[in-house]
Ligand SMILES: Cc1cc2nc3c(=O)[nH]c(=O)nc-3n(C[C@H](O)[C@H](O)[C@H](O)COP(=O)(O)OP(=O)(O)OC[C@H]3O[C@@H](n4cnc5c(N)ncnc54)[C@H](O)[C@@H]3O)c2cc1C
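One chain comes next, on its own, written as structure tokens: the form predicted alone.
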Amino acid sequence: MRVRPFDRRDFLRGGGAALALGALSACASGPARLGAAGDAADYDPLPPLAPIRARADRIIAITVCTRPFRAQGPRIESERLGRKTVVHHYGHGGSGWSLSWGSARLAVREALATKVGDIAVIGCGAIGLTSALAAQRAGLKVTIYARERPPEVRSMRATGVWSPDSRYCTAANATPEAIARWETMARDSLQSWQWLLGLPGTPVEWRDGYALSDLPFGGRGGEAPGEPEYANLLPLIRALWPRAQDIPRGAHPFPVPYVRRYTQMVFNISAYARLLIDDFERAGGRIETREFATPGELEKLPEKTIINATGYGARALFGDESVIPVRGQIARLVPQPEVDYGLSYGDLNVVPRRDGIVVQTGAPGDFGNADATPDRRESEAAVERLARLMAALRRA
């Protein structure tokens, strides 16, 4: 079985959704393709949409991530290292936050096979924290060793949307085994995310968004320059969330002829990371600040089983050059509680998080680019594009 190539712009013209960015372990990104819309006459009326105050002086943060992409998909397997067993758990591309719970269960299964009671987790990002919690729930005692912890870890730079097949693997590597593993992780993760709805701090919530286009939906585009063809896997689970809706002209306030409403899950990463750490520590977990330069240094740990959740860091630590960085930059604007909708227009994507309105665009040369230096001009240009959309929205 092979899955047709994922087309980044096909989502905008055919499905509607938002781009998600993130960081070392989970730097999401690539459009979350939500599937074809229903009959244009069958849509829910739009509520009043509060304009976003899009100005460069309202940018409160600009961050850059390096998504850890592997053409063959995440590495989840065990390796002997001297007298230790290392369970590798990294390389999720832009799918880290989204797949974290289902992926963690697979990694913990490998750890349980070593039949030890205490384990170590290396890394304190999205994958490391969920691996640690999943291990605790399986009855293991866990210590996390990491150079950084939230908010310093790169996972905190994610856009924060459900994007489970974002740069998961290439179309050429979408083997039956890879597809089956992805579907298991995606379904398990989505179920876990549902249990986080309605909690204090709103770590996760469902939000509507609007894909805008100057051309009819349904055309085909291509990958960003220099990027491979990715596997489009979402059709396998597309029935698990609301379908998109085409909004006819005259029924929306946007200055474009074609609008498609989508519903997406948004992760409020600041609140969510704090929740993960609190849950881990309440269950007896311990986080120790430590940096590892070589695999041999892991042998000094007291635990015999180690889950390696270092994300892009695995490239340097284990010399795994199959991990390719894919740069992504986001800006956050001052939060506006009244703005409860996302936007997607070409390569401009907006996500209404509680800790700030995320504004993101793509840039040529992101694939294979490990430079994490923010480019303020890029973000200011994106905010200016958003400002022009908002000016037209006010006039409508």
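Since the structure is predicted, the reported quantities are computational estimates derived from the model, not experimental observations. In this text, residue numbers run from 1 along the sequence as written.
Below, we refer to the form predicted in complex with the named molecule, which is not included among the displayed structures.
None of the heavy atoms of E299 is located within 4.5 Å of the named molecule in the model of the complex. The named molecule in the model of the complex is not approached by S344, whose heavy atoms all lie more than 4.5 angstroms from it. Within 4.5 Å of any heavy atom of the named molecule in the model of the complex lies no heavy atom of W101. Within 4.5 Å of some heavy atom of the named molecule in the model of the complex lies at least one heavy atom of L317.
Of the candidate stretches 172 to 180, 75 to 83, 197 to 205, 125 to 133, only 125 to 133 contains residues with a heavy atom within 4.5 Å of the named molecule in the model of the complex. The listed set V323, V153, A244, V87 contains one residue whose heavy atoms approach the named molecule in the model of the complex to within 4.5 Å, identified as V153.
Contact with the named molecule in the model of the complex, defined as a heavy atom within 4.5 Å, holds for exactly one of A120, A146, A111, A231, namely A146. Along 282 to 297, residues R290, E291, F292 each place a heavy atom within 4.5 Å of the named molecule in the model of the complex.
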